[in-house]
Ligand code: PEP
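First comes one chain, alone, set out as structure tokens in the form predicted alone.
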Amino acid sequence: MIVVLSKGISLHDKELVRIYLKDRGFSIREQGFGEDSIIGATGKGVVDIRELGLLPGVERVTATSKPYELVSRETQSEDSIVTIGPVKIGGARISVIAGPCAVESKEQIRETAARVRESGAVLLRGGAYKPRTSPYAFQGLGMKGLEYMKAAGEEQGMPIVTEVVSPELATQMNDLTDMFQIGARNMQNFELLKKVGSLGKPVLLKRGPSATIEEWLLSAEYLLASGTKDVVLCERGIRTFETYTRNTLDISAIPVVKGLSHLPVIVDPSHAVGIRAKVAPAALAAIAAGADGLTVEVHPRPDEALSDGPQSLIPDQFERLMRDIEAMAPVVGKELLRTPRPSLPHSAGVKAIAAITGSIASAVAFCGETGAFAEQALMRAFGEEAPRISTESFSGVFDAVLDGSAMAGVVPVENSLAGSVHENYELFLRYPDIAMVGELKLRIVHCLIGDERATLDSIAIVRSHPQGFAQCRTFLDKHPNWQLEPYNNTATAVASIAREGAIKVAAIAGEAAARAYGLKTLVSGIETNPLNYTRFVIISRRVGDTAPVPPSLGSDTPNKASFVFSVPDKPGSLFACLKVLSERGINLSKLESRPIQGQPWRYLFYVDVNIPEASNVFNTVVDELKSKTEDFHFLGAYRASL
């Protein structure tokens, strides 16, 4: 049973609720979930729920239908997000944990940490204590190994997660680890669960090889009931009659558990399959099924590994896997999480940007209202908790970044179906002090949204951005009697229905907008082409020839650049520019022409190129292009989003 307390409850009233429950035979645990403060009442006590609901300070009482109450989605409908330092697991991000099965030496863990960090891992894993089937197998380096891993993690700006095998060791390890792992063999070691839970740190809970989903969730209940608020569930395969792989990866458990529980779910494909060549396919399948992340074993020399070498990826394989995950992420509506390097931690990064731009803001600006696709892109890049500023126009985003009221901004520049957003490209020319510093691609799934009382038959008017209409043309053609009303933003169209309480009006927007305004999704997925993506860029104020990268985006080396130029009105002038790129081995990924306003029959060329590893080559190319073009504008260099 869950008792949700009023936000303004006094300490006296809270104590009365606790006494009331204890006197009736319940064990109680106070817990915070999101914005709610709750008391979980467990045990065989008996109470009149209506009487309990009338106590001062009680907002509502929920009797859950599941034996795992704190874990249940009945207790908390919104997904939990677990925070470990700069890393967040859950929500709209894919977080990847990587490292060796066991810490074997200081050099081995340092090398592995550097390699997986470079590829995009955000948490470092490794075993200091290894429970092994054979008493003669390598058991780990103990506390010395944990010290090595902690140092390697700090060097790379990565929190660490390591397995704890006994209640006694939990206390010793507490100051050196950022996240405890409960291994599959210990999933039902209840004394260990209670001890680790009481320490209050985040916990990664692996599913036992023979455990049912309910048993797994009840083990998570032990952790939450004992004190920790942050638990991540890890599916790592179960034991079946199949022998071709080490275990059988239960892919179906991912959507099942995410329906039953609000806790994040990640997958360990290494232990699931036990064969190096099978790890990447299993990992991608887990992401496609909705996993919030992965934990992958990586070793620089697997053939020399002291444990689990056959299932450990070499760093190059891990790099390819990360690129594949980055490419898949927009398809499942997520973004691969990247975190700042240790040289630029989040708070220091904000201060650094403030010092050179004159801004003291940490907010990010976007165009539209709550629920807009641009806001979804913002949350993918900066996290759900990022402070934000909404503007009524794209130029308002540029203004907010320029005047320092926003640290950064998010604007769309291209749609896979409708093409470039020329208004924003023109804004880059009007705001030369603004530069592109990042990009991401968001899959656009359009829904028809209306009042709770609305039906398809009652709709007479549909509101949306003109591009929304264009992207849903096939669906709209089936309803020729509907009147289309253009709005400057899809979320604004949804907000107008909520304000008016209109029954005969619907809007085309994303499902997030429907949730934000308490409206109903009448039809989902109405876009004509499901391969509908919008490319957003992150903008920041330019300082000299560059712009500081917002700390939430990490500090990966840019591999893509955008610029705009015109060419002299003479034969071969554009060819000369393209020849410069070709001869220097620069890949051209976009070339688009647009008329120059006020200059008939003259054009600007919008160009995206890939930056080679040798930055001096690229700098030479830019200098050559400037000498062969007119009105050359360097829009920015950033890390490409696949």
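One-based numbering along the sequence shown. The structure displayed is predicted, hence computed values, not measured ones.
What comes next is about the form predicted together with this ligand, which does not appear here.
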Query raised in the report: Of 182-190, 529-537, 420-428, 88-96, which is the one stretch near this ligand in the predicted complex, taking non-hydrogen atoms within 4.5 angstroms as near?
Result: 182-190
Query raised in the report: Using a 4.5 Å heavy atom cut-off, are K130, K206 and H271 all in contact with this ligand in the predicted complex?
Result: yes
Requested in this report: Examine D292 and determine whether its closest non-hydrogen atom to this ligand in the predicted complex is within 4.5 angstroms.
Outcome: no
Query raised in the report: Would R125 show up as a contact with this ligand in the predicted complex if we use heavy atoms at 4.5 Å?
Result: yes
Requested in this report: Find out whether any non-hydrogen atom of R236 is located within 4.5 angstroms of this ligand in the predicted complex, and reply yes or no.
Outcome: yes
Report task. Look up in the predicted complex whether E163 has a non-hydrogen atom within 4.5 angstroms of this ligand, and give yes or no. Result -> yes
